[in-house]
Ligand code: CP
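In structure tokens, one chain follows: the form predicted on its own.
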Amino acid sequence: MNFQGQHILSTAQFDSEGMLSLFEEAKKMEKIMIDGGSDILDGKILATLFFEPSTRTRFSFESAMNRLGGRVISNADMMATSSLKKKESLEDTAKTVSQMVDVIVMRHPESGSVDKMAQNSDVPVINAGDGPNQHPTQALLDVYTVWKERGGLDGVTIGMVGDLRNGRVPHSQCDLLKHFNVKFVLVSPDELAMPSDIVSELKHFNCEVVESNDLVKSLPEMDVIGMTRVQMERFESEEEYKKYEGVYVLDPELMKKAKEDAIILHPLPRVDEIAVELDSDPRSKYFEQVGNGVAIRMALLKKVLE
């Protein structure tokens, strides 16, 4: 699968072959990280345009570009400090910024906004999250973490726990994992269940899907415990959000019911859904995910720009 010069907008662009090729490239990138960097992308410039807050995604893309010898220009608050404040259109922003750089990474609260940027850009655009729609690179690093920790993906039971209606990360994870022989255990309040079209798509790909609202009963079955926060910013009111706050909390007592070789994932930031006492549990991999994210984004930048 050739991504040279291509926009990376959706997990739908990846099949199993493309993912495994990217994962092998990411393993090489991990060695570059240990060795102190490379000049593979010397002379290339990345623009990170963020219309929503971010810590891990923005920093890891910028770290990835720097480690490969490229340079970064960045705006972490596009809504307040760019010409959008002067009513410039997103289309004109794309046409302008793409004259200065070799690749754009963008996050925006509206679904489809990154696609609009790509349609008007002269350089590749990578989606760093567009509202509740897609977050392809986060899903890629999550699946990469499972692939590394489990020695593969086929035969793995994937648990997804929390706000599955609004979480763009579990949506994107499903789009990637459907290409493998995995079982899904989806745990959420009924009102925050995985959208039915995504469940139907998983079944179309012959994936077994179990839906539940009982984490205690479901936990012993999971090889991967994928926790997600309740997406406060996706609710219309704080009152509605409060109904689901703290609905599932993974703590040391509950983890006694989990498999000894299970792994805990979380895209972060966490709120209250994983007790800090679990940070020292060897099954907790959510901070290692961050390092894996740098490697995956290095691999993706290399494939797009080299």
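The first residue of the sequence shown is number 1, and the count goes up from there. Keep in mind the model is a prediction, meaning the values are calculated, not measured.
Heads up, the form predicted in complex with the named molecule isn't pictured, but that's what we're talking about next.
Q: Which one of these stretches, 65-73, 271-279, 48-56, 252-260, sits within 4.5 Å of the named molecule in the predicted complex when only heavy atoms are counted?
A: So the stretch in question is 48-56.
Q: Do heavy atoms from each of H135, Q138 and P267 fall within 4.5 Å of the named molecule in the predicted complex?
A: Affirmative, all three are within 4.5 Å.
Q: Do R107 and the named molecule come within 4.5 Å of each other in the predicted complex, heavy atoms counted?
A: Yes - in the predicted complex, heavy atoms of R107 and the named molecule come within 4.5 Å of each other.
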